[in-house]
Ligand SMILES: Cc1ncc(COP(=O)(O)O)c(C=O)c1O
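Given as structure tokens, the chain that follows is alone and in the form predicted alone.
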């Protein structure tokens, strides 16, 4: 390697470490019964309609991707036009291999030649990772009681600012910023700065004050992008489908950073079918809301502190044990949770809202761990 010319930007990029797979935990600890509550996955799995569409499309797996990309974008336009009264077309949408791919495109398109990005810690770590990958300087501002600190972000804007990442609801805290807060914030953002609203968990929100960031795209603001995907509420995390919603001009430019054939037709047909299954979406929402309250009650009985969430996960804070030791102790009992060191929170863990029996197993395991100290 010493004889090679290396990219200095890549040398500053930490490796993203995902949640531990069930199979790895089984092999590492000799377990058979393991529940995974570390990666915010849909506990009900994918829609049967999505599975059927995926399987039907496999007969053409020997072909390169065809019209599925355009058809999904058309379907997304129809979906938003029907629900929000928008006038979108397929040209308002860009598809990616998960939202990580969309974030990479944004960084590639705007974070070059010494620019800066701004975000609020703790949040999704791919924002600073992609910023560094393309040679930009990521600027982190502190949170405000586990909520995105929009005033601090606005104060941090300079002539070098290119992109602002707003995760709403925020991962890993589960909190939101409100419509009024976003409106006040947007008044302070110059049109030369891209505002990226990452709304991966928006379908779990039941707070009426949650903003509709899509309104800014409707107002033809080229510097606004709304990101959503199919990993969470639609249960297609393994198929990797995310999308950006923006003005036609923005999407046309951003497409220059899109990798050719970045996903396949079976995956895109599955995503399109998932949009049709309202019953599955609503069942997921009901389960998450009910079981989130069950987790709140159990955590309170264990005298554990947590941040009230608008998502399908709960952040545990002020832990009585070292988070890494706690995570390992839970693993030995067949429960996977996520320590938050990679999210700039070394003193916290995040637990996904699972099915009732999974949540019961987690609470039993946590009770045993706390008694054993």
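Numbering follows the first chain given and starts at 1. The structure presented is a predicted model; accordingly, all values stated were derived computationally and were not measured.
Omitted from view is the form predicted in complex with this ligand, to which the following refers.
Taking the partner from the other structure, this ligand in the predicted complex has no heavy atom within 4.5 Å of any heavy atom of residue 233. Looking at residue 200, you'd find a heavy atom of it within 4.5 angstroms of this ligand in the predicted complex.
Looking at residue 121, you'd find every heavy atom of it more than 4.5 angstroms from this ligand in the predicted complex. None of the heavy atoms of residue 245 is located within 4.5 Å of this ligand in the predicted complex. With the partner omitted from this view, the residue of 226, 153, 76, 99 that lies near this ligand in the predicted complex is 99 [heavy atom within 4.5 Å]. Distance criterion of 4.5 Å from any heavy atom to this ligand in the predicted complex singles out 127 from the list 148, 127, 134, 93. Only one of 269 to 277, 192 to 200, 206 to 214, 283 to 291 places residue heavy atoms within 4.5 angstroms of this ligand in the predicted complex, namely 192 to 200. Contacts with this ligand in the predicted complex, taken as any heavy atom within 4.5 Å, map within 167 to 187 to 167, 171.
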